[in-house]
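Next up is one chain by itself, shown in structure tokens, the form predicted alone.
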Amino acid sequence: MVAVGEKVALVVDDVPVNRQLAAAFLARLGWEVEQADGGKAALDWLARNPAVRLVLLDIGMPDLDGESICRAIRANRSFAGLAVVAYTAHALPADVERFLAGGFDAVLIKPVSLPMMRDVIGRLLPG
């Protein structure tokens, strides 16, 4: 169980190397990182750890896509302060607009870099 106030992030991606890269960047930024390989595993983990502060969600996953997971998170008042970032290779402007309109706080386009991640997280969760 995650304690309130901890810098804990959940990275959700069905591709192990993408999870590992995002987790490594977050760890360098001082975050404790948990990983899930799909949407159902992510929602199960979140149900047990409502104090998590940040979720990076891949959009295209086989069991539950990132947009569905984001909608489920936004429908749960326990996650009112949770920062949810789309973590995707879908770089078209219309996709980015749809993600933001659908409840994501920001979008990170793969391949992501440490400076990109630092910038996005710094804007969402300063301090």
Partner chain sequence: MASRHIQGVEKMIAGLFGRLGIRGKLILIFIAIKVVPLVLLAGYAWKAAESLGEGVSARGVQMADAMRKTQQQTGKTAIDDAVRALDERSREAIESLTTSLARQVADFLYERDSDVLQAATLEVSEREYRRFLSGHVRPLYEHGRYVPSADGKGWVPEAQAAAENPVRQPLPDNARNFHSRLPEDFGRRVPAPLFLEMTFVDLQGVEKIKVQQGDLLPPGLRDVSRRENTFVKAETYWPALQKLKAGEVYVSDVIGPYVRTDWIGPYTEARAEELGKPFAPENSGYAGLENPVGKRFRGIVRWATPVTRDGKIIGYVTLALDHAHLMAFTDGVRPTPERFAPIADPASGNYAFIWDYKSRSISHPRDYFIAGYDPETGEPAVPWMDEQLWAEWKASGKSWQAFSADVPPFRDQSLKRKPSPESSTSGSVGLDCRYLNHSPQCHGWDALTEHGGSGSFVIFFSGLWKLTTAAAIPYYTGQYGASKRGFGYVTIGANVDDFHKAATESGKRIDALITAADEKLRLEREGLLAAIAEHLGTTAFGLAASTAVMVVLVIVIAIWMANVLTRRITQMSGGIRRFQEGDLAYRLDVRGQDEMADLARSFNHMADEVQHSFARLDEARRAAESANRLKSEFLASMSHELRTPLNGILGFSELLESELSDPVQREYAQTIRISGSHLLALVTDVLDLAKIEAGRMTFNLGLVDLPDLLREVLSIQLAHARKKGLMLELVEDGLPASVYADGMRLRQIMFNLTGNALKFTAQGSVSVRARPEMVDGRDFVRIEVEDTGIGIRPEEQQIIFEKFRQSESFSTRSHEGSGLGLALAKQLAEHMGGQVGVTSTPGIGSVFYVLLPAHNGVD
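Numbering follows the first chain given and starts at 1. Bear in mind the structure is a predicted one, so any value in this text is a computation, not a measurement.
Absent from the display: the form predicted in complex with its partner chain. The rest refers to it.
This chain is displayed alone, yet in the predicted complex one of 30, 93, 62, 81 has a heavy atom within 4.5 Å of its partner chain; that residue is 93. Using a 4.5 angstroms threshold between heavy atoms, residue 106 stays clear of its partner chain in the predicted complex. Among heavy atoms of residue 100, none comes within 4.5 Å of its partner chain in the predicted complex. A residue is said to contact a partner when one of its heavy atoms sits within 4.5 Å of a partner heavy atom; residue 51 fails this definition for its partner chain in the predicted complex, lying far away. Shown alone here, residue 89 lies within 4.5 Å of its partner chain in the predicted complex, counting heavy atoms only. The partner is not shown here, but in the predicted complex the stretch 21 to 37 reaches within 4.5 angstroms of its partner chain through a heavy atom at 21, 24, 25, 28.
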